[in-house]
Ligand code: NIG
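Only one chain is included here, represented as structure tokens and corresponding to the form predicted alone.
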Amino acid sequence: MIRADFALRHAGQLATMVPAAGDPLGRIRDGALAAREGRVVWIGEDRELESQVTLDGDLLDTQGACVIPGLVDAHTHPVFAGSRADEFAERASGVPYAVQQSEERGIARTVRATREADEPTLLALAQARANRFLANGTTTIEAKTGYGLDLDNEAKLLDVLRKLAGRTPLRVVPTFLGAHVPPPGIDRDLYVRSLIDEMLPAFRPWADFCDAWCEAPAFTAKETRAILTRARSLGYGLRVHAAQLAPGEGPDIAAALEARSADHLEFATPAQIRALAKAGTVAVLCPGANFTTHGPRPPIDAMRQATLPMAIASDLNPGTSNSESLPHAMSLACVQWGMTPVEVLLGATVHAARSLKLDGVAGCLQVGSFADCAILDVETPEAIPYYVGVNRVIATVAGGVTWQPS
């Protein structure tokens, strides 16, 4: 008998996201699973649970609800202070996003508010956002810095992420985004040198990934290449904000350096898409930011033709996508871009996990994976994006524990 400290049973459809018998979702009807110490130890049909598993712990009867792996959000900016709601209203009235970026507004405005906030305040704000992620079925996030933009303030943000990971069942994968934009009032060459010589070596023990935004109003291709080459030499995994607002070399750099992800990609060319696929990079698409900045549809068809894995992310941030809801992002990708429900489900689970080096343990349910689940009141897993803007999550399980709001 298999010993377990958590079990879930009577899932009307349990989507493992491990393809089987021609079903890309690998679903088990009237499914069940058991876990021990936060990992799945058994999964199968409910009628076999009692003969296979000895349970010494909690039992969750889902009463026919759909069960999917905990969602994986591969692009978020969860540590910030302040609001930019007025900028949202301006864009709704036709003001372009690029016009809002200056030393007084846009990202620089969030940097000022975040620098002024003390660590307990930022931690409380991040904790509230973590609760909203969990309430929407997300159990793993990639979490970027990028609103400190100097050694001390970026360290403050990374410390908030470290403490957040200890206070919530949400799995937090930290990314250093000192190369978000050059900070106002600082010579950009000196700032790039500080990134390369000071911040990247100092923060390697704290961050799994390094990200850089390769685009005006952020960093040039030359600067991005230098920053990410240095990061790779120090052992960081690489991520790149690329081709969001205009064509550029960001996707080429991501492919050349075999970045784990290239994000946004609205203006990526077919040749760049093919290069990313060949490099093993994941395209992390951000429908929320695209929606509020009125961007063009990313080259989805070229990505399909190149078999480039497409992750779907919330891109939680104060400027363009202030939402912790991956199901909402999935709906937008279907409605705005013509992606299929199966594509966005894969994008918010297995492909997102792959971009975070969590293949086989996050974004799927199989023996050895994290015991992370979202239980939803939907007819089928494919129906999740059908409920546009409506949270159908009944319960979230993280590490074999049913989450309750704090």
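Source: prediction; values computed, not measured. All residue numbers refer to positions in the sequence shown, first residue = 1.
In what follows, reference is made to the form predicted together with ligand NIG, a form of this protein that is not presented.
Visitor: Is ligand NIG close enough to Phe133, Arg171 and Glu324 in the predicted complex that each of the three has a heavy atom within 4.5 Å of it?
Guide: The answer is no: none of the three residues contacts the partner (heavy atom, 4.5 Å cut-off).
Visitor: Is Tyr147 close enough to touch ligand NIG in the predicted complex, meaning at least one heavy atom pair within 4.5 Å?
Guide: So Tyr147 counts as contacting ligand NIG.
Visitor: Can you tell me whether Thr175 touches ligand NIG? I mean in the predicted complex, with a 4.5 angstroms heavy atom cut-off.
Guide: Outside the cut-off, so no.
Visitor: With heavy atoms only and a cut-off of 4.5 Å, decide whether Gly319 touches ligand NIG in the predicted complex.
Guide: Taking the distances in the predicted complex, the answer for Gly319 is yes, it comes within 4.5 Å of ligand NIG.
Visitor: So in the predicted complex, does Arg129 come within 4.5 Å of ligand NIG, heavy atom to heavy atom?
Guide: Result no; Arg129 lies far from ligand NIG in the predicted complex.
Visitor: Out of Leu122, Met199, Leu308, Ala289, which one falls within 4.5 Å of ligand NIG in the predicted complex, going by heavy atoms?
Guide: Of the candidates Leu122, Met199, Leu308, Ala289, Ala289 is the one lying within 4.5 Å of ligand NIG in the predicted complex.
Visitor: Using a 4.5 Å cut on heavy atoms, which of Trp206, Tyr97, Phe267, Tyr191 is close to ligand NIG in the predicted complex?
Guide: Flagged contact: Tyr97.
Visitor: Pick the stretch from 296 to 304, 225 to 233, 277 to 285, 241 to 249 whose residues have a heavy atom within 4.5 Å of ligand NIG in the predicted complex.
Guide: So the stretch in question is 241 to 249.
Visitor: Just give me the residues of 162 to 189, first to last, that have a heavy atom within 4.5 Å of ligand NIG in the predicted complex.
Guide: Only His180 sits within 4.5 Å of the partner.
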